[in-house]
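As a starting point, one isolated chain is supplied in structure tokens, in the form predicted alone.
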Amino acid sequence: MTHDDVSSPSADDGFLTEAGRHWAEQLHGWGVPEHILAQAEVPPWAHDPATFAMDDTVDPASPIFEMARELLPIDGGSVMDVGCGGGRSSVPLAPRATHITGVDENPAMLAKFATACDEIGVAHAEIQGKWPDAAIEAEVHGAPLAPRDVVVCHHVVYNVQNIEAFVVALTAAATLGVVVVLPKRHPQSAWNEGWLHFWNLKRPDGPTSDDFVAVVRALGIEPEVVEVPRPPLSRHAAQPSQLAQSARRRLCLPEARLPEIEAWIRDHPPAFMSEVVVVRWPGGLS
């Protein structure tokens, strides 16, 4: 759950489609200028694991879960959650999901995911690594990942420059279907006004969810695309103090400026989106 793959795409990157190249070129624009990054006290793309932990704000009846749950066999099936965080994107699928595999780069996220699974008694496994590298490494070492019935991936794709390989690997890992959830615009768009105010830096307009759908279609897949209300933030993330800390981290500002940041946020709340887009398509073996 990082955003460090922002190197500029080149002619040798081997894109399969123009849609894939367009995605990468737009995502490259989200890199933070070096002179600003050098002043950051904490990495701007880092995430607090507590923000992604399960709590009572998660609604299992949300359409984002229904669209995955209805793909699973009635008598139960397996799920792989790519970029699982603390389990908010997959644990609500239990008990229909009888086994959940979480994939994440961050061991602290995986620990919260495992705890959430244990608390409700669902079988689980954890894989630490970046997708699709984790799947590739398993194949190379002679222990390929067994396909799961359903693969879910929430709020990850805007971190991925080589989006074509990512989508292909998601599809190959699912026997029944893939469900990707993403906001309409880059999630850091919520802080664009802050970048302009504190750094006089204009941020990009893309890529967008439409660009992601274009990549999926360019790969020969016709997905279902549904716009639904954005699920609530965790209680930890919604705390006013955490909002200011998040702004400090995202905007590469020092902790000494927290009072200034808090005052600015009161008059300029971040433009979080009220909807997300759910993109669903068949698995590679269906």
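Just so we're clear, the structure is a prediction, and the values are computed from it rather than from any experiment. In this text, residue numbers run from 1 along the sequence as written.
Not pictured, yet referred to below: the form predicted in complex with a small molecule.
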Exercise. Among 189, 209, 101, 159, which has any heavy atom within 4.5 Å of the small molecule in the predicted complex?
Worked result: 159
Exercise. Of the residues 185, 203, 96, 155, which one places a heavy atom within 4.5 Å of the small molecule in the predicted complex?
Worked result: 155
For this session: Please name which of the stretches 195 to 203, 111 to 119, 171 to 179, 78 to 86 has residues with heavy atoms lying within 4.5 Å of the small molecule in the predicted complex.
Result: 78 to 86
Problem set entry | residue 129: touches the small molecule in the predicted complex, heavy atom cutoff 4.5 angstroms | yes
Exercise. Is residue 257 close enough to the small molecule in the predicted complex to count, meaning some heavy atom within 4.5 Å?
Worked result: no
For this session: Look up in the predicted complex whether residue 28 has a non-hydrogen atom within 4.5 angstroms of the small molecule, and give yes or no.
Result: no
Exercise. Is the gap between residue 217 and the small molecule in the predicted complex 4.5 Å or less for some heavy atom pair?
Worked result: no
